[in-house]
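The chain below stands alone and is given as structure tokens, in the form predicted alone.
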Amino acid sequence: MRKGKIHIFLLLPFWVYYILFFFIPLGILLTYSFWLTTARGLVPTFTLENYWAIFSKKLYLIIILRSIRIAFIAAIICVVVSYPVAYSLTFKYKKMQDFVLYLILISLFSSYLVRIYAWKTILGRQGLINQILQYIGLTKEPLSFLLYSPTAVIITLVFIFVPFTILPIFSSLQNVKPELIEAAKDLGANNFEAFYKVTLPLSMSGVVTGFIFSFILSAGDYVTPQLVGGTTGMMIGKIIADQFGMRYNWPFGSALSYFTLFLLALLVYCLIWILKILKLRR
């Protein structure tokens, strides 16, 4: 009993923090989603009008689906890029682990806006990529689709959120013992079979965690699409931010937030369910 009370006491600051700064704000936001906005201000009531308004204009659904598509592509690329890095650091270049992880952590401490503006400069008409392509003769004129497009948003999001994918994958690979891989090879498995049947399933928790991190963070981002996305790369985060900041339509912004959150949670649940069916994650 005494140890149990000590554990509860130690967890008390954690729960107080989350209740004050997470659950209560979410509850307030949920309450707002059932209110109405008039010329006089917010009207406390209970109505589903804000949720029905999401389906009244195709624009909202199009932007939500676009946001999910961009976030999904960015998250897939993050996983594809991050897994070889984490795998190499775990099994091939152990002496470089500390140095590379230090560089990854340094990138997390750098300014978010500076990284976005850096890619805005690189992808611009006079940016580094266009200059290289023109110099080697692949293009005669600067490529305009690199900036202010969904492509620019995906590239920037991948650059920003790759560290959030590398770290959980690297952490999960630490639990894969080399003896298990050697045992699989002794039983007749080649390198690919040993990876697919031993390494990948044991590290799938890190892959799923990294994918979820990059997917949700990308889907909710509104600064990156605003700076490098243009009209074709606009995402739902910008629409939600405008409802609170410019139009003062907090109820509709809250409903749009919860509807998007529900879709993201549903997609994540479906992903985990599919992986369990494929027996890649337990």
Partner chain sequence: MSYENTLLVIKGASRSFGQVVAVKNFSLQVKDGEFVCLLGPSGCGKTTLLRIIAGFETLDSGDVLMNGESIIDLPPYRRTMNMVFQSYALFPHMSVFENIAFSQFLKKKPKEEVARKVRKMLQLVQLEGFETRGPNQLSGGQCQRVALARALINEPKVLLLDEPLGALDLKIRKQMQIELKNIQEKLRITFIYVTHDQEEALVMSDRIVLMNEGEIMQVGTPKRIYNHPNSKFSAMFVGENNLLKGTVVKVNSDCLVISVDGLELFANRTINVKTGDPVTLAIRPEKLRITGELEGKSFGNQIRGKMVDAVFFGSVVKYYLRISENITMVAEDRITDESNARSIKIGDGVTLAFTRESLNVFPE
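Everything numeric in this text was worked out from a predicted model, so none of it was measured. Positions refer to the first chain, counted from 1.
Unshown form predicted in complex with its partner chain; subsequent notes refer to it.
This chain is displayed alone, yet in the model of the complex one of Val85, Leu133, Ile73, Ala183 has a heavy atom within 4.5 Å of its partner chain; that residue is Ala183.
Residue in contact with its partner chain in the model of the complex (any heavy atom within 4.5 Å), chosen from Val198, Leu167, Ile155, Leu123: Val198. Contact check for Asn190: a heavy atom falls within 4.5 Å of its partner chain in the model of the complex. At least one heavy atom of Glu179 is located within 4.5 Å of its partner chain in the model of the complex. The closest heavy atom approach of Leu202 to its partner chain in the model of the complex falls within 4.5 Å.
Of the stretches 76 to 84, 92 to 100, 190 to 198, 144 to 152, only 190 to 198 has residues with a heavy atom within 4.5 Å of its partner chain in the model of the complex.
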